[in-house]
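Have a look below at one chain only, the form predicted on its own, in structure tokens format.
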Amino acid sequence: MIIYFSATGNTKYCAEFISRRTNDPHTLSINDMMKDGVREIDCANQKRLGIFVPVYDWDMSYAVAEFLRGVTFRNVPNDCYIYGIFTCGSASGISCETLKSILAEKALNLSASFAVAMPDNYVLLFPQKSDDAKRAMLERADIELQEVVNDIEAGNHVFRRKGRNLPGFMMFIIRKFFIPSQRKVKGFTVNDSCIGCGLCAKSCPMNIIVMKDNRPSWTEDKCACCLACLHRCPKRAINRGKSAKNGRYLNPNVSL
């Protein structure tokens, strides 16, 4: 079984790649489970459980971490190989440690974890790389993913990360001040190119976007900062921070 969270397609691509190469067809979208209020996942007869999560702010997505803390994994076999895959721009941070802690609370053990570098989509601050650079990064990701497949099929207990961790005081500042500011929705704007298609509301895993007079409105300060609404908007009508000049990104190899 594979469960994954994906806003712009990077993590979904990894999940589909691993699913095909390991002959594991049972994949579930965490985005959909979050939207639907799912609180239990039945793992009966699953020899492997893969948890695929993007890295935000040197840690696994805080919204996904909240979901995983609240969900119950039922009927997990004692010999189930549980592994995490973290997609990141350059550093996986403390994602592995966070997932280990969440699973330990459920009396489950993380068998392995892997970090895969993918094109960054945090356009609130950083501009998109060139198309050639993104294409090269995706090609390298395929090589990394095949190495992950080899480890998974061999049942290797390895923990591979990317980049360096931030000092503890920096992580404290991020958690204390930066993440709470990310969860606020005041910074979102919608320009006149909006066509009222509602795709932003449909793609929001937190269910905090509603359509009013054919325009999106953010209702609660519970943003996952996944930016699915912004990147998936067909008219680039939604903006926040520096996104208007920093471009958009969707993984070209998956459908969303």
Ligand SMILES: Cc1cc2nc3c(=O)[nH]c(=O)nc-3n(C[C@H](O)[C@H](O)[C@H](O)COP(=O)(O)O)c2cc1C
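Heads up: residue numbers just count along the shown sequence, starting at 1. Model, not experiment: these values are computed from the prediction.
Omitted from view is the form predicted together with the ligand, to which the following refers.
The closest non-hydrogen atom of S90 lies within 4.5 Å of the ligand in the predicted complex. For the chain shown alone, D221 is not a contact residue for the ligand in the predicted complex, no non-hydrogen atom being within 4.5 angstroms. When the ligand is considered in the predicted complex, E66 lies well away from it, no heavy atom lying within 4.5 Å. L49 falls outside the set of residues with a heavy atom inside 4.5 Å of the ligand in the predicted complex. Just one listed stretch, out of 117 to 125, 96 to 104, 70 to 78, 144 to 152, contacts the ligand in the predicted complex at the 4.5 Å heavy atom level, and that stretch is 117 to 125. Heavy atoms closer than or equal to 4.5 Å to the ligand in the predicted complex belong, across 52 to 83, to the residues P54, V55, Y56, D57, W58, ordered by sequence position.
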